[in-house]
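Given as structure tokens, the chain that follows is alone and in the form predicted on its own.
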């Protein structure tokens, strides 16, 4: 399988961030975004094409998990936290 291009990796990164923004809970949302950013920063200097392909496949699986969890979370709504109030931003 061919190595993932930079554009594909960036598209996947944006998709992960976009999907994480849909988490209903503030803590889940901020944790997911932080983990995504940290993981991509940690692996930004990898040049081995097999390792890159492995990481891309792992990220795609995580995207599916995030999508599923967001959908489940939307079924069970909760009250917003104080920090999420419009006056606190």
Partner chain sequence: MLLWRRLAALRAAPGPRRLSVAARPGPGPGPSSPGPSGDGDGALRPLYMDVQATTPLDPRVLDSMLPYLTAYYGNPHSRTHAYGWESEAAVEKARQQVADLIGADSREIIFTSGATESNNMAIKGVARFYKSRNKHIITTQTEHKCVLDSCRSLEAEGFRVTYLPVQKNGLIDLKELEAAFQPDTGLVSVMTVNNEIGVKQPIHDIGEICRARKVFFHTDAAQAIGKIPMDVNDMKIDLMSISGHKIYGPKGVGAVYVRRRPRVRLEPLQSGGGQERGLRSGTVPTPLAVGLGAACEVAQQEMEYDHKRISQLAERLVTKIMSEVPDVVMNGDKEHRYPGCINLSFAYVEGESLLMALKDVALSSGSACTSASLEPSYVLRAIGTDEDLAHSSIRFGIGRFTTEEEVDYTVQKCIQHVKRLREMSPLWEMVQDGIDLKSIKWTQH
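Given the structure is predicted, the values throughout are model-derived calculations rather than measurements. Numbering follows the first chain given and starts at 1.
In what follows, reference is made to the form predicted in complex with its partner chain, a form of this protein that is not presented.
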Is residue 65 close enough to its partner chain in the model of the complex to count, meaning some heavy atom within 4.5 Å? yes
Can you check whether residue 49 is within 4.5 Å of its partner chain in the model of the complex, heavy atom basis? no
4.5 angstroms heavy atom contact with its partner chain in the model of the complex for residue 81: yes
Would residue 43 show up as a contact with its partner chain in the model of the complex if we use heavy atoms at 4.5 Å? no
So which bits of 27-48 sit within 4.5 Å of its partner chain in the model of the complex, heavy atoms only? 27, 28, 30, 31, 34, 35, 38
